[in-house]
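Quick heads-up: it's one chain on its own, the form predicted alone, in structure tokens.
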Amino acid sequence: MIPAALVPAMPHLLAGDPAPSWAELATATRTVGDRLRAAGVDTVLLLSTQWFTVLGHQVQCDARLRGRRTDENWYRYDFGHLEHDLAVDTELAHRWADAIDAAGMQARRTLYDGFPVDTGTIVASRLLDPRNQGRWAMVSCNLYADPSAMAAVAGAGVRAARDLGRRLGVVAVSGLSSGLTGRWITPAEDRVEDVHDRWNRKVLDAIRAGDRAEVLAMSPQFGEAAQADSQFRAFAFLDGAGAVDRPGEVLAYGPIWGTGAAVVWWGNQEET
């Protein structure tokens, strides 16, 4: 079984003085990183909904991504300035792009100096791999791709990894409800509004039960009723990787500036 996880994308998890829910979500994401290493994962196949595109599916092909990002929304805060140093499994990246093309979709190979790595990828990588020892294979989230296309992209990545003999982990970086609080709040005030909270918990209950079909079926309504991040394409991606056909372990759930966020782990049955 491929180990997999859903982790949050917001930079608040790196705050120097976090709200309790931010700290809990950050700790849970670090736990996912520990589990991926314990599983002997060679490369993490990663989708971040904050790296979004409208033409084709971009695959990162730069061997090393180093730099500093200033988040366009949170630049006034300590967690809005993000250093990153990512090693990319370029052999797998090119094989993945070829597999996407072979599946009848369009892959675009991204390789240029100063590429603006998105906040979600940086936050997740820093928590999952704090010593920068791992390798990544990263694809963009196409805003016009339907869930079946996102699933096909993930399936292409899994096939490419198997062809190369990689021991793979899969991570989707995304939130749940996206009802951002539009004013200054103190960390202690952070909460998810009731309607969004009920939807988040309904989806997480189905994930805990291992009912992937129910999660996929409710995703359109979840997207409408709770403004689900990117219409919850992240789950379709994980499903296409064959990673969510078993109960998920919800390691943490809580608000990030009004949005809903969760850390979910799919491992062996005995783990959950």
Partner chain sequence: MARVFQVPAGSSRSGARRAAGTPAGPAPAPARASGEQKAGIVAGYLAPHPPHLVYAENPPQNEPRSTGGWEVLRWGYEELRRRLRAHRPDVLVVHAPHWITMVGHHVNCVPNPRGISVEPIFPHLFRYHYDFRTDVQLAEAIVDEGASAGLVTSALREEGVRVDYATIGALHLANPTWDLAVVSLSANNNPYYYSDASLAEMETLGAATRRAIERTGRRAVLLASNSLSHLHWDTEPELPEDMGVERPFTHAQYAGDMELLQTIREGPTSRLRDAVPKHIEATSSETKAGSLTWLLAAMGWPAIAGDVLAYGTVIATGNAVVEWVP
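Here the structure is a predicted model, which means the values were calculated and not measured. Numbering follows the first chain given and starts at 1.
Omitted from view is the form predicted in complex with its partner chain, to which the following refers.
If contact means any heavy atom within 4.5 Å, which of 212-220, 242-250, 56-64, 34-42 contacts its partner chain in the predicted complex?
Single hit among the candidates: 56-64.
If we define contact as a non-hydrogen atom of the residue within 4.5 angstroms of the partner, is Ala228 a contact of its partner chain in the predicted complex?
Looking in the predicted complex, residue contacts with its partner chain include Ala228, since a heavy atom lies within 4.5 Å.
Using a 4.5 Å heavy atom cut-off, state whether Thr259 contacts its partner chain in the predicted complex.
Within the cut-off, so yes.
Determine whether any heavy atom of Arg167 comes within 4.5 Å of a heavy atom of its partner chain in the predicted complex, and answer yes or no.
Arg167: no contact with its partner chain in the predicted complex.
Applying a 4.5 Å heavy atom distance criterion, does Gln133 contact its partner chain in the predicted complex?
Contact check for Gln133: no, nothing within 4.5 Å of its partner chain in the predicted complex.
Out of Arg159, Arg191, Arg201, Arg108, which one falls within 4.5 Å of its partner chain in the predicted complex, going by heavy atoms?
Of the candidates Arg159, Arg191, Arg201, Arg108, Arg108 is the one lying within 4.5 Å of its partner chain in the predicted complex.
For the stretch 43-71, which residues lie within 4.5 Å of its partner chain in the predicted complex by non-hydrogen atom distance?
Thr49, Gln50, Trp51, Phe52, Thr53, Val54, Leu55, Gly56, Gln58, Thr70, Asp71, in sequence order.
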